[in-house]
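Okay, so here's just one chain, in structure tokens, the form predicted on its own.
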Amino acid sequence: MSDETIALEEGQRLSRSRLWDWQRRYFMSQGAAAWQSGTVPHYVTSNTFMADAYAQTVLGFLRDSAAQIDRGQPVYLIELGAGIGRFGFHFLVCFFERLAQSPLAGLAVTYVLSDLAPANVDFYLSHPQLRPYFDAGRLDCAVFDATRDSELALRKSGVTLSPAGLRNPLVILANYFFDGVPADAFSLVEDRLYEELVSLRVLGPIADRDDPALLQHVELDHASRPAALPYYGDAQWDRILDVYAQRGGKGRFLFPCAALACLARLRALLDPNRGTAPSFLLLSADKGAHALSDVLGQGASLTVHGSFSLLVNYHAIAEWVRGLGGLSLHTDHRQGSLSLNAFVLPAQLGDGAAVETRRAFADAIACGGPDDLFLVKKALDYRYETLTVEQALALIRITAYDAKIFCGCIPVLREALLRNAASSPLSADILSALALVRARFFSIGEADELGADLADFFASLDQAGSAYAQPAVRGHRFATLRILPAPLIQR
């Protein structure tokens, strides 16, 4: 039988497409393997300098909210779509070190790793580097379907976070997440609003129409149909659509319907009687844009990497937050590889509100933040050998002792160690950086495990003789090192 094109879907609203069922099936079937194989990218948002920037911003938000915090209850920080858990580990190390040195030292904070796939949650519970945080009550985890669930049943403590049940402020972290949940597509043509309906076709024959592997081969077609307002029947959502319709002109954009519904359900976890102080912070980094002019050029093209992703319309999320009386924080410049955003609720936050959150976001994220550092890192890839050892150490410090950066610098550092006496200040700086990197690396069993590069580095130190035979260095292998919850960086 010859191959023929098979229509799997015709004229469907994007958020209701079969695509999302394939997406769900992919993550449910792959579990940790999706990241261990390198198929699903994650480094851009799962590095130490991103985690440290978020830790600073969250602490700013907690300072703003300090007077309303009930010290008898934990403050929950919920990561959506935590995936392999690497960002969460980096955040735990950075955040609790900073918390211990702040006026809020001793505050009970519980970080929640949440994910759609039960296998990923099992992975967190079994990981030896996360165990100290679980045991200390600083970490918990939950299966959470962002398109359906309204509560989180925490696996370690047995606590259920349910609507109207939280007295303390709530923090949501969502990196590389909103790009993978349902959205709708629209266009503006000659000052009229159209919905973009999708059709899916694949080259047959196919054995299973539910097979997520079809994502690798599907052809996506669009057809426009006039859209009348109100479209969703939700006053806030339809108001945002009207903002686009009133703007006129031409353009195509995505509407983050699943993201907004998820945020509304998470906001409902808060006790509605807790007052008007800042009580909800969302930090999110993803491919996308927050400026309306950029959003109107997004379209609905898929990026496939085992699963698939779309660009995120942060302008719509910001409009939703502002419609509830909250504020949105963004960079003033156009971001090159990543859009980083913060949103603060609840109602009627004045211009002078959330001062510490604003300041922390400006200092840690908006200027010289993770997106800028990542662009610099990309420029240095395959050029690390051009650095002096002092420049390599400066880069490692600036990037909060990131393991990938350190491994890129290993040839320069190794040469410097072999050239200098073990007692020299330069050698001491290198070994100190190594200890800090070692404490921040999170092993996930990926094929190109960074731990192997670090193990080779240890071996080269062993071969250099007894000069570097220090208890903190000699004889250890990075992948099996016990990581303590007490952070090592002092600032």
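Because the structure is predicted, anything quoted here is derived from the model rather than measured. In case it trips you up, residue 1 is the first one in the sequence shown, and so on.
The form predicted together with a small molecule is left out here; the points below concern that form.
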### Task
Identify whether the small molecule in the predicted bound form is within 4.5 Å of every residue in the set 115, 120 and 175, based on non-hydrogen atoms.
yes
### Among the candidates 211, 234, 242, 145, the residue which, in the predicted bound form, approaches the small molecule to within 4.5 Å (heavy atoms)
145
### Task
Select from the listed residues 32, 40, 433, 69 the one whose heavy atoms reach within 4.5 Å of the small molecule in the predicted bound form.
40
### Query
Where, among 60-68, 418-426, 434-442, 32-40, do residues come within 4.5 Å of the small molecule in the predicted bound form by heavy atom distance?
32-40
### Message
Test of understanding: in the predicted bound form, would residue 27 fall inside 4.5 Å of the small molecule by heavy atoms?
### Response
yes
### Query
Does the small molecule come within 4.5 Å of any heavy atom of residue 346 in the predicted bound form?
no
### Query
Does the 4.5 Å heavy atom contact test between residue 82 and the small molecule in the predicted bound form come out positive?
yes
### Message
I'd like to know if residue 181 sits close to the small molecule in the predicted bound form, meaning any non-hydrogen atom pair within 4.5 angstroms.
### Response
yes
